[in-house]
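In structure tokens, one chain follows: the form predicted alone.
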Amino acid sequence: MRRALVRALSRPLILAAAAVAIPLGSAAPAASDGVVVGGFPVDVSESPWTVALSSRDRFGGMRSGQFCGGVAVGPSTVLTAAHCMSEDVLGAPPGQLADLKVVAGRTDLYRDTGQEVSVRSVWVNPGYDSVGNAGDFAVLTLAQPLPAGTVIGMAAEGDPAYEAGTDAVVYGWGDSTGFGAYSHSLRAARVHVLSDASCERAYPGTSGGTYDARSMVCAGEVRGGRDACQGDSGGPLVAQGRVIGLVSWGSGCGRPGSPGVYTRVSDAVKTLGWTRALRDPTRPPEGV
């Protein structure tokens, strides 16, 4: 969750794979016990809605071609970060990437468990601001539905899950140290939702980025040490059983005073017109 390309400043948290020249700058030290950053290993059965985005043609096959994360919010619908779908990352418009897939039900990316589902279409939020990072979300529509039980609900505007101090968990296969040590097994980190005021102080619009409470939510620890990192972009931030955020941007990984910034899912719900789907569980959101 950071800005677009440089983690040591503030940039989106995509995977800096050898196949793509994504400059990382000099990474800052980050507290870690060998997982997400300051996190722990988790089996995907505990969070079946957490999926990996994959392109072996672009990122190689060692880690199933993973480069970003995503979250299943409908049987055939995955939310991810808009910056994951940029040409800077993919090398071409997403519609031209023939092997773009979603990997579901796979804890260890070195294995072939679970399933790989082709992406039928990609919708990137036209209001996404790649400079300020506002509106950082995209919708992937899958060629076939995921198994039952792989979908998580979304938190709408005003949901108490967004309140400062709420316990939350972020999931991903990204950098576990802040120094480019990418995990091949799913990790999670426990964080807390932070107040908008604290995030505005951390990112007031200087070189570290600008926090916008309308489209962003931030989470982490005041002392640092627990955070998402490169490769986790688009993955879910979950609180009270609902997804409240998508890994987007920030400054460094696990730095004190530099919390992670997430796309506010309620803003995506409103933009996409999915409010009715939240009120009626029999009508899950399906594509755009």
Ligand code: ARG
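Counting begins at 1, following the sequence as shown. None of the values given here were measured: they were computed from a predicted structure.
The same protein also exists as the form predicted in complex with this ligand; that form is not shown, yet it is the one meant from here on.
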{"item": "Blocked or open, judged by overlaying this ligand from its pose in the predicted bound form and testing 2.4 Å from backbone or C-beta atoms", "value": "blocked"}
{"item": "Listed residue that, although this ligand is not shown, lies within 4.5 Å of it in the predicted bound form (heavy atoms), from G39, G231, G70, G245", "value": "G231"}
{"item": "Proximity to this ligand in the predicted bound form (heavy atom, within 4.5 Å), stretch among 55-63, 237-245, 221-229, 41-49", "value": "221-229"}
{"item": "Heavy atom within 4.5 Å of this ligand in the predicted bound form - qualifying residues of 236-258", "value": "V247, S248, W249, G250, G252, C253"}
